[in-house]
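Listed next as structure tokens is one chain, alone, in the form predicted on its own.
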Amino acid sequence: MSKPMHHTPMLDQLESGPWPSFITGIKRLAKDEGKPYQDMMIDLLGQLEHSYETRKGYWKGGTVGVIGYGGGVIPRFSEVASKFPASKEFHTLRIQPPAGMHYTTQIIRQLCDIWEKYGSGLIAFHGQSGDIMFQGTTSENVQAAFDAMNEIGFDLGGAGPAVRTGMSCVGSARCEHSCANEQKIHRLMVNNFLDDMHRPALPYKFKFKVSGCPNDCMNAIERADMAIIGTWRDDIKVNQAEVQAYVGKKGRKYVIDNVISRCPTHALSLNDDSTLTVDNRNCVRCMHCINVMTKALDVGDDKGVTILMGGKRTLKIGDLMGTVVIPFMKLETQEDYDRLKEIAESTINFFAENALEHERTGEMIERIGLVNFLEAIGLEVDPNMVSEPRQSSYVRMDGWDEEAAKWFARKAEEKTAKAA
């Protein structure tokens, strides 16, 4: 016979609103008669209610892992185990998802069956690092659960001061805006840095995320230490017949209010004959017009990626958006992918050797300066990286013209070499 349910009036309140509540899911698991995790979930509800009453968390860390790995398991031991013994251990396994998060129903059922046998039945698709979060198991079952998942082809992800699993969008499988092979990039990074995921040895975590177009569905720019964003460098493709059809359907006022005037750089203009003119030199690839007028507008044909470094959420110096370090890079040949891998390796190696403890890449760049960072990883400074001119007017300007001429000459040589 199962344990009696705890009295949980404060948790019950969380189910009273209009939105679905995680409490409902946990209660359902707690009512699964005969399941090995039932008592664990009953006491989990009791401990959570106790935390709400006392306004204090009672989970502490520790050391739990699988043979040969240094990370991937999040240990949670209860400090109130005497009151709630069935939930005294509630460890989480981080499991790497397929790139682009493509699953078959058969695989999902297998994963669920494994977690019902060895864990709590509570699963989150997906965590901030991209992993499938298998939440709630005992120290005794950690190894057995991992072995069962490994048997069907899954591996632990990153945790702690390590390279994290990474995320990639569904990409060209379902999105016509895709400008890069997101899954290939993702797998390249995972395979290359697998040892850095399994055996944490960095000052702090390092995340990479891949979005196939500037919509950035993975939120890579604001969340990833290395963000790889698909983009294009030629003109937006315009189907004028579809533009006219859209204007005829929605009306000129609607198109002007919702498309033309919302272009951040005023690069769009609607002509008298209801055709569209695009000032591509001033287009910043915000994707708004393409998202609204999907049939009429599309991304260009000269596709590649933009690479940004240093995005993160609040830590020491607040939120940081990624800084563009490579405005455009083609990814067509194996040499292109090797170059991408080299940039990632140089960045992680420099981060490992020069970042302070508990410091993210973006904070390191702020501390040492972007110029020093770019020099360290072997990238040239580009004038497009200048966010604002120097505020001091007392600057020697003699020699600037010569330096600018050198820069333009170097770019012309690169263009000639590529054409050859």
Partner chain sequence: MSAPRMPIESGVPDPFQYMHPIMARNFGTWKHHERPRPGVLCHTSKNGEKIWTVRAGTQRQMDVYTIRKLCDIADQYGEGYVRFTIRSNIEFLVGDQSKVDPLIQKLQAEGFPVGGTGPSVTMISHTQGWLHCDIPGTDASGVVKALMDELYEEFINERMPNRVHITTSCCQINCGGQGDIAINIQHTKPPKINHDLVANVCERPTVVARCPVAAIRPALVNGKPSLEVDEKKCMCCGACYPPCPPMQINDPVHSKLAIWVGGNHSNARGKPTFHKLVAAGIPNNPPRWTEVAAIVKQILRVYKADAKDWERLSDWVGRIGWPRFFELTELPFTKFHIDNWRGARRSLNASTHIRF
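If you superpose the two forms and keep the largest set of C-alpha atoms that fall within 1.5 Å, you have the rigid core. Just so it is clear, the model here is predicted, and its values are computed rather than measured. Positions refer to the first chain, counted from 1.
The form predicted together with its partner chain is left out here; the points below concern that form.
A heavy atom within 4.5 Å of its partner chain in the model of the complex is found for one listed residue only; from 262, 341, 83, 252, this is 262. Proximity to its partner chain in the model of the complex, defined as a heavy atom within 4.5 Å, singles out one entry of 346, 150, 277, 139, which is 150.
The chain is drawn here without its partner chain; in the model of the complex, the stretch among 346-354, 326-334, 190-198, 269-277 whose residues come within 4.5 Å of it by any heavy atom is 190-198. The closest heavy atom approach of residue 99 to its partner chain in the model of the complex falls within 4.5 Å. Although the partner is absent here, residue 365 is not a contact residue: none of its heavy atoms lies within 4.5 angstroms of its partner chain in the model of the complex. Heavy atoms of residue 48 reach within 4.5 Å of its partner chain in the model of the complex, making it an interface residue. Proximity of residue 227 to its partner chain in the model of the complex: non-hydrogen atoms within 4.5 Å are absent; the residue sits far from the partner.
Interface residues of 58-90, taken as those with a heavy atom within 4.5 Å of its partner chain in the model of the complex (partner not displayed): 59, 60, 61, 67, 68, 69, 74, 76, 90, in sequence order. Remark: with the core as the superposition reference, the CA shift of residue 34 between the shown form and the other one reaches 2 Å or more.
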